[in-house]
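First comes one chain, alone, set out as structure tokens in the form predicted alone.
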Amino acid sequence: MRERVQKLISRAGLASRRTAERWIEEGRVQINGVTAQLGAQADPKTDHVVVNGKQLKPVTEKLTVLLNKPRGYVTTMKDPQGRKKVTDLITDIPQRLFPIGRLDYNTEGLLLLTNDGDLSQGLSHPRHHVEKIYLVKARGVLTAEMRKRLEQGVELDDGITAPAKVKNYRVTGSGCWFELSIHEGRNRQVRRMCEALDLTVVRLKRIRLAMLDLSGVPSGRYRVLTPDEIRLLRKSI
């Protein structure tokens, strides 16, 4: 079946649709030897589609895994600094999977990887309000005023955040622990929100995404999502 090329690229796990569109505009995609234009359609089973010099192969099986990311791994597919990548933890999976969203180098916890471009786009799009819960350990005290600011929205350099939810707050020595629930996906958002309140994040772990949590998945390990879980994720978007 012929589909828009950017959708095929996304579904194959090579890039988001937006990035795929940019590649097309930059002339990095060819169909049967001809440079593709935006809006072009193809069928990878019958057409010869080349992306960045490599033939695009049709996705035969969709797969999504839940990884408990340790600290010290990047969520990019390539790293010029040679740091460890989350894909190094799933090398026994034959499919080429890519992360849905990102967790920064020192953030740990729940990360989904998939070759399902439609699912990735749906979970990443801000209009779908997919809940993400983080466990935060910070240096300092979260006052009632700080909590109010988190729950009303914090002014960052890229705009005010959507209201967050704070729960399970507790003080430990010179610091504190709390859970922060957000549904946006800005770069380093939780850390930046805390920095705006003069809180220094010591440890950050994503413990939940939509209805998924880390139960039974030790740090550095993963499990494959069940069809029922995929169905519920699709319902959430």
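Keep in mind it's a predicted model, so treat the numbers as computed, not measured. One rule holds for the numbers: they count along the sequence shown, beginning at 1.
A second form of this protein, the form predicted in complex with a small molecule, is not displayed here; the remarks below concern that form.
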* Of these, 143-151, 97-105, 121-129, 77-85, which stretch puts a heavy atom within 4.5 angstroms of the small molecule in the predicted complex? -> 97-105
* Interface membership of Leu199, the small molecule in the predicted complex, 4.5 Å heavy atom rule -> no
* Asked: Does any heavy atom of Asn68 come within 4.5 Å of a heavy atom of the small molecule in the predicted complex?
  -> no
* Asked: Is there a heavy atom of Leu204 lying 4.5 Å or less from a heavy atom of the small molecule in the predicted complex?
  -> yes
* Taking 4.5 angstroms as the cut-off for heavy atoms, does Val190 touch the small molecule in the predicted complex? -> yes
